[in-house]
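In the form predicted on its own, a lone chain appears below as C-alpha cells.
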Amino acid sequence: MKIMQVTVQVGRAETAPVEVLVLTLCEGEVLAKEDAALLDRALGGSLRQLVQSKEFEGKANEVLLYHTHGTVPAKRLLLVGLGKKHEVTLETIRQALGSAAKRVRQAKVESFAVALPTVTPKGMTPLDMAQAMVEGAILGSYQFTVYRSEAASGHNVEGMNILIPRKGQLRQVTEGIRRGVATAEATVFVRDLCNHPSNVLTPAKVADEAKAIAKAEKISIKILEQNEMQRLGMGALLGVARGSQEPPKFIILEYNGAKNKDARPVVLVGKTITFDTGGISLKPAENMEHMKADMTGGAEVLASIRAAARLKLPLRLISILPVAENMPGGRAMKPGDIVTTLSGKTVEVQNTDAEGRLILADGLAYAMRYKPAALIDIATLTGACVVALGQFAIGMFGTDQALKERVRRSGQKAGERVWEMPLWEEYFEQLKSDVADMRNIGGRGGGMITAALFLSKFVGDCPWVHLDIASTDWSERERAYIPKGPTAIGTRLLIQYLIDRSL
C-alpha cells in the first residue's frame, strides 16, 4: 500500500480551496467552535440547520458529507463527530480520522484537508494530536489488494493537509506528523506481512524482508541458519521446525542511535511462526487460515526497529526473530518428546501446539547475551488470552514494575491498551514434569499465566515484560481504523514505548 503524504499548513478552514475539508466536532457543541461558526456563517446557516434537525449530532465517529455548492472555497465539507467534549481522548481523534479517511476514499477524492481539533485531551499537546490524526487517517485508509485481479481499479487517498491556526504550533505538529507517519507506516508493513499467505511468506521470505530493512536503514543484521542453531543448542526452536520442509531462521537486527554506543540495549523478541498447524497436536480446521498471522509478534519487532531507525531515536535497540513453520510430518516433534533449550533447561513437550513459548525460550535466552536494560517479548501466544480478555486488551506480564508502568502508559497513549495479569510462582506447579525440568503446557486453568511463567524461566533477572497479543491480532469486523483480518495491534505500542523512552 502506498503511504499517504501528510503536510501541514498555517491557514483558516473557511478559506481552504480543497476538494474535501474535514471538520471534527463535539456532541452538543457543534457551533461553539470558531471554525464551525465561521463556516456556518459562510454557508448561510446550513450547519446550524443540520444540528437542529439532528441530521448531524457530533456523536463519536459519526460522519456527514456536505456539498458546499461554491459558497466556500472547499467543494465538500466532511463533518466527523468526536462525541462528548469531556470524553475526547487521543484515541477518539485517531478513530475520527480513520472514519474520515474511509469516507473520503468512498467519495473517490485524491486528497483532503483537516482542521486541527480545537478540543485538546487533558495533558496532550498539538504534537500528540497530530500524531494521532496521521495514524488514524493512514490506517483508516488501509487496503490489502495484492492478490486481487481488479486491484488496479481500487481508489487510494494520496494526501492529507493539516490546517493549523497559529504558526507557533508548526514545529510541534510537524514532529507529530513525522512520528505518526513512521508508526502508521510500520503498522501497515505488519498488516501486509500478516495478510500474505504462508506459501508466500515463508521463514526464508521473512529473512529477505529483514535483510532489505537492514540495508535500507543501515541496521546491522545477523541470520543464524539451521546448522549454527544446532551448534549453539537451540533445541526448542529446532524441535518446532522439524516437521516442516521450510528451514528455520534466527534473525538478529541491531540499531544503535545512542550517544553512548556501549549503552545497554532495549531488546525486543517476537514470535515468528509463519504458519501454525499445531503440529502433531493438530488444530481444528475451522479458522486455521488465521494462523498465517501467527508471526505477528516477529513482524512487529521487525517494524519497530525500522521505525526507530527512521525516527533516529537516541537509543540502542535489538530485535530478535526466531522464525519457523509448525507442521506435522514424518520428522515432526511428538507429544512426549524432550527438547534441550539454548539455556540448557529441558522441556517435555506435551502439546506441540504450544510451540510459541518453545521458540521464544531460545529467543529470550539468546537475548540475555546482550544484558538488556529492558527486554520485551510480544507473541500471539495463547487462546486463553482471548477467553480472558476478549479483543480489546493485550495481556501483560512482567518482572519489573517501572518497565510495566512505562509499557502501560505507552499503550494508553497509542490506543493499544494492556491489562496486567499475575505472574505468581504458585502457577509453576502446573508446569512441573516427571521427566524434564518443565513441560510446555499447564492444563486448562490459567493458560495465559502458565505460558508467561514458562517464559519467565528464560529471562534471568533483567527487567522483562511479556505481551500476549492473541486477543487483539485479528479482527472479525472492520472498525474505525482497524481492518477486518490482521490488525497489527502492538506495533504502535512498541514504537510509542521506544519514543517515550528516548525523550
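These numbers come from a predicted model, not from an experiment. Position 1 is the first residue in the sequence shown; the rest follow in order.
Same protein, other form: the form predicted in complex with a small molecule, not shown, and the subject of what follows.
- The contact residue chosen from 141, 187, 380, 92 relative to the small molecule in the model of the complex is 380, the criterion being a non-hydrogen atom within 4.5 angstroms.
- The contact residue chosen from 433, 71, 351, 346 relative to the small molecule in the model of the complex is 351, the criterion being a non-hydrogen atom within 4.5 angstroms.
- Contact with the small molecule in the model of the complex holds for none of 192, 305 and 489, as no heavy atom of theirs lies within 4.5 Å.
- Just one listed stretch, out of 114-122, 95-103, 276-284, 172-180, contacts the small molecule in the model of the complex at the 4.5 Å heavy atom level, and that stretch is 276-284.
- Of the heavy atoms in residue 252, none are within 4.5 Å of the small molecule in the model of the complex.
- The small molecule in the model of the complex comes within 4.5 Å of a heavy atom belonging to residue 470.
- Using a 4.5 angstroms limit between non-hydrogen atoms, residue 441 touches the small molecule in the model of the complex.
- Remark: residue 291 counts among the residues lining the small molecule in the model of the complex, judged by a heavy atom distance of 4.5 Å or less.
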